[in-house]
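One chain is shown next in structure tokens, namely the form predicted on its own.
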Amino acid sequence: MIDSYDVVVVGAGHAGCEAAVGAAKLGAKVLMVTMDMTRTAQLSCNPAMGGVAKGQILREIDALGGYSAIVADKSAIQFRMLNRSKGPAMWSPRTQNDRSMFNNIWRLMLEQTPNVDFWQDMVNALIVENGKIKGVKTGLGIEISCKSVIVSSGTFLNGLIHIGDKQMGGGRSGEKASYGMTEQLEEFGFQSGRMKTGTPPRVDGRSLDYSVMEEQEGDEEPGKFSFSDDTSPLSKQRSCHITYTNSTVHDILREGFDRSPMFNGTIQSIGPRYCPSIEDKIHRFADRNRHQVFVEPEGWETVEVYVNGFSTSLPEEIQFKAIREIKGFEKAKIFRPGYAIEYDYFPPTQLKYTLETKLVDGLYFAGQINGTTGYEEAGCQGLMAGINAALKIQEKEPFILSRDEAYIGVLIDDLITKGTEEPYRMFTSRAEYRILLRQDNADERLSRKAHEMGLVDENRIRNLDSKLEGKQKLQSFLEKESAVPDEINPILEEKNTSKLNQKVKLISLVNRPELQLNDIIDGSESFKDFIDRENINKEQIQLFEIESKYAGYIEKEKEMADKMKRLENIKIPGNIDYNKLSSLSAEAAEKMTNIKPETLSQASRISGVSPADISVLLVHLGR
């Protein structure tokens, strides 16, 4: 009844959707199997995309031909560039999104993608012969043959929901958990573990008093995520609001600690360090008498509100009582309580750089099954797994991004080299080359690679060429034209930087820390005329300014990356017996035996492997 496929994608969350796109765009015949097609790419937690480092990942997904950024733009209700007060390596785009629109747009885009088919069912077993994937078996007992499988199961594997002392099986609120696959994978030799995440209550926005909260508007000149022409910046936006917990709220929450699954031992697994529950926050930071709460609308029309910062698994009556003590929430009506969920994951050191498992040929893991948290982290893994599954079927070289090429490369390298024992979230601090990996240049870094594979069309490359051409025109103009003291000095005086006594080339003013390029444009009639005549846009101006002001730092990072690449070129044989290298530390031998690093560079990043251990390996490899 069901055809044979190149790739079967298990799950239609953010990882699964991007996996289907990546494989299908490369010509693979793809089947997405999900329990509920109406929840495709569900925003299971907060109705937002991007943020610190996550915004960079989203722009990288877009530069590689994925759909998440386009969907985020089309469903956005607010856009903000975070960290504007810091350096450009920290600037991170974020949208507030219409939850229902996001879900619907993703599904429609998938349905319009050639080579993607759908099947609504649960996959509860893999068909494996001689260590190689042959297909999947569904809850209806149907066997579907395929050449590769991408498991993107989110929080569904043996999912268990906690609200106070109540527990119920489920992958998300109102959805069944998935059983059977963990046990089968363990039989194949995989190690598994448990992780936890949570979500806050949802409330009725009509019952809130916004007049006593701080309004948080979007950017005056909103940007967008996608580099494509398929989306446009917002012309109108919805505001979010900020309020705070207080000591009364904290006291009420403490009343429920004895029934909290986090504190009474019911939950043993580890939750996300950087997104703790409200009970965890008041326990760990007992000296603080308030915590920030972000009041986020769920869409353009709906009255439903997401209470960001109030994630909890306390008994529902405690949640209801406490939330009404928050300023502006005195008459709050609750749509549903918050809850915690425990689920199975598989330590990602069991994967190759392609996200294919080491134990089963043709089996790939992507998303929360690898121990990550976040839509963006999941989406990029799915895209890379889909691309590599298709390339392997076509007997082509794998597509792997290094740490100096993309945050995606940092994420995957961190996962398979270091592993994770708590939900992994990306931050700019995890990237040692973050001045190279800015959100504004993701297309410059990745789109030509994507175009060579067939993931983005010619129009994307024309857009990129036009962007870079504008940057070059700026460079040439500033090197040739001079600033006129009478024109520019009022601006220089206003910005508290030394005035000019004679004409100087405009380029000499660019790197003054007190000045921005727009200030120089305002103080030079010839520069204004040039910008209008050549139709130079805001993006080109920003890109040139960043690369000019930070040229020294950029060059240093490139030099450091080149040094590391020399280690990347030294391959480690797969059959090396580390236990026979007597000078190697016992910890290094154990870690490298388990992880099986492919290069000396990867080995150097494994926790517990010292520079002395790397020297021993260099000698052994005759280097």
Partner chain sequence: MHSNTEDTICALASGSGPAAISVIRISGPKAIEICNTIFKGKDLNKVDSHTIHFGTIREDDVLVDEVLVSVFKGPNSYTGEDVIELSCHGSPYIRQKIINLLLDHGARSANAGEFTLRAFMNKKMDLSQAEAVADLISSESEASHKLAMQQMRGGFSSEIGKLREELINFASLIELELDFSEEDVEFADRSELKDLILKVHKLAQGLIESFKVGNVLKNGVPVVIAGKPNAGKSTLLNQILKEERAIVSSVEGTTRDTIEDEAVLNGVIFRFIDTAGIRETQDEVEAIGVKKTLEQIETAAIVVYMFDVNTFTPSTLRDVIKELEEPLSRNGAKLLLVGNKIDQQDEETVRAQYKDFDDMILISAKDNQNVEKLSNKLVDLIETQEVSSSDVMVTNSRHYEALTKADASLMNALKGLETGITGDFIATDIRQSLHYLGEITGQITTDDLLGNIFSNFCIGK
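Residue numbers count along the first chain shown, from 1. Between two forms, the rigid core is defined as the largest C-alpha subset superposing within 1.5 Å. This structure is a prediction, so every number in the text was calculated from the model and none was measured.
The next section is about a form of this same protein that is not shown, the form predicted in complex with its partner chain.
Taking the partner from elsewhere, every residue among 83, 550 and 612 has a non-hydrogen atom within 4.5 angstroms of its partner chain in the predicted bound form. Out of the listed residues 263, 427, 179, 335, 427 is the one that sits within 4.5 Å of its partner chain in the predicted bound form by at least one heavy atom. Of the residues given (488, 249, 431, 378), 431 alone sits with a heavy atom within 4.5 Å of its partner chain in the predicted bound form. Within 4.5 Å of any heavy atom of its partner chain in the predicted bound form lies no heavy atom of residue 558. Put simply, residue 294 is close to its partner chain in the predicted bound form: some heavy atom of it is within 4.5 Å. Proximity of residue 70 to its partner chain in the predicted bound form falls outside the 4.5 Å heavy atom cutoff.
Among heavy atoms of residue 139, none comes within 4.5 Å of its partner chain in the predicted bound form.
Of the candidate stretches 491-499, 145-153, 88-96, 525-533, only 88-96 has residues with heavy atoms within 4.5 Å of its partner chain in the predicted bound form. Residues 612, 615, 616, 618, 619, 620 of 599-620 are found to place at least one heavy atom within 4.5 Å of its partner chain in the predicted bound form. Core-superposed comparison between the shown form and the other one: the C-alpha position of residue 38 differs by less than 2 Å. Once the cores line up, the CA of residue 584 ends up 2 angstroms or more apart between the shown form and the other one.
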